[in-house]
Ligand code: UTP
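Next comes just one chain, in structure tokens: the form predicted on its own.
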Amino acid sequence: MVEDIEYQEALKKLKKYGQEHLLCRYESLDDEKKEKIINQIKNIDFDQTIELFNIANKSIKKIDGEISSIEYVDKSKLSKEQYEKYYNIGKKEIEQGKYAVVTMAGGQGTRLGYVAPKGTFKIGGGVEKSLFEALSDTIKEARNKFNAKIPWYIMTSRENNNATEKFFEKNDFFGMPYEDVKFFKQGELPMLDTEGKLMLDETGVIKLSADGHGGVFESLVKNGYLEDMKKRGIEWVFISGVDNVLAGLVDPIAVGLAITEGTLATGKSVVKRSPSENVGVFCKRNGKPYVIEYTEITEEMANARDDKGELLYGESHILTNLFNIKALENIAQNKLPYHKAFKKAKYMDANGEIIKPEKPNAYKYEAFIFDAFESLNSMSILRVKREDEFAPLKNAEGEDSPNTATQLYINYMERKTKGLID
């Protein structure tokens, strides 16, 4: 039950920032919703919210600083000696229990026409495995291969956390030890209308949206799991999304490369299909690792080639990155910049009506994981084959759809059965 003093304090805070409209439907809410919106008002950083709105209304600046290509190691072209060197260094770290996996799984399968956590979506083609099961198979295989504990931390969202946990319970955690599977929620930020006002969602409380995959660092800290990793003696953390069914979650080569090159991170890449492919690419900005988005890269840069005829800016960022625990601690201490997106968003107006806009009406804000790279003096880049490590599931049909991801998965498993893949 919300005390009157709590309501008055919340109202005073809202008046300070010109956001008192958020309590316009307060009296019509049940006790649970009243308590929820008061707690939201207590916890929201309104100074940050104002700053975000100011960012949203600034014109987009072109990329500044000196951009140059980044060195990479092609996994498929390593000599036997190089491969064994990196592999054995990484293998030792994994066997000593210094490795963990983080899967970012806060999304729903909306774009796939699927109303449930995306990780519960089943790939077809006779495989009939959920994304979560396929990824758990990868981790379990590595646990057996290296005879090591490899804890799995899964970032969910407010929207899908309960359903995700129940899915794992129903499936007996896919054979993983319960104590080695941890769930934590992604952070959220308020959505703002075009006048800088926070919005109410369809239930009458403040409308929030996930803070992007770059929020994983802060969320790990807030939920106590960075500390949990340190207590377990973890030194290497592999972070990727749930929708890449072929993500190489446990990779001794990536670890060995970072240790050999003296870096605190390894980013995996696949070579661009063509200069015009709409993907962010690894590069250097003012000498530090950076990912330049496809909206920023010039046509001249996109088409530039080296003396071997390969694209200078051809290493696509595929959201599969390995970090040393020291890098995670450093990144988590500083907030990453937020990127704006202008979206259509349903909301409740002052009269309690649910408004379904026909065009974009709201700003949402997200941090991107690759913005953390600039906090590193250097990072290793490991080029991998698309067919071995990149089968994204983004769209209902066409490219990067269930059909393409399933076929890539089937092809991979067939090659593995034949001993063509380690």
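On a predicted model such as this, the values are computed, not experimentally measured, just so you know. A residue's number is simply how far along the shown sequence it sits, counting from 1.
Omitted from view is the form predicted together with the named molecule, to which the following refers.
Novice: Taking 4.5 angstroms as the cut-off for heavy atoms, does Lys118 touch the named molecule in the model of the complex?
Specialist: Yes, Lys118 lies within 4.5 Å of the named molecule in the model of the complex.
Novice: With a cut-off of 4.5 Å between heavy atoms, is Lys394 one of the residues that contacts the named molecule in the model of the complex?
Specialist: Within the cut-off, so yes.
Novice: Heavy atoms within 4.5 Å of the named molecule in the model of the complex: does Asp243 have any?
Specialist: Taking the distances in the model of the complex, the answer for Asp243 is yes, it comes within 4.5 Å of the named molecule.
Novice: Report yes if any heavy atom of Lys344 sits within 4.5 Å of a heavy atom of the named molecule in the model of the complex; otherwise report no.
Specialist: Contact with the named molecule, no.
Novice: Picking from 204-212, 122-130, 82-90, 250-258, which part of the chain touches the named molecule in the model of the complex when contact means heavy atoms within 4.5 Å?
Specialist: This holds for exactly one stretch, 204-212.
Novice: Among Met104, Ile150, Val237, Ala327, which has at least one heavy atom within 4.5 Å of the named molecule in the model of the complex?
Specialist: After the contact test, the surviving option is Met104.
Novice: Between Gly109, Gly280, Gly196, Gly97, only one gets a heavy atom within 4.5 angstroms of the named molecule in the model of the complex; which residue is that?
Specialist: Exactly one listed residue reaches within 4.5 Å, namely Gly109.
Novice: Is it true that Leu22, Thr49 and Leu200, all three, sit within 4.5 Å of the named molecule in the model of the complex, judged by heavy atoms?
Specialist: Checking in the model of the complex: none of Leu22, Thr49 and Leu200 is within 4.5 Å of the named molecule.
Novice: Check each residue of 317-332 against the named molecule in the model of the complex and list those with a heavy atom within 4.5 Å, in sequence order.
Specialist: Contacts from 317-332: just Leu319.
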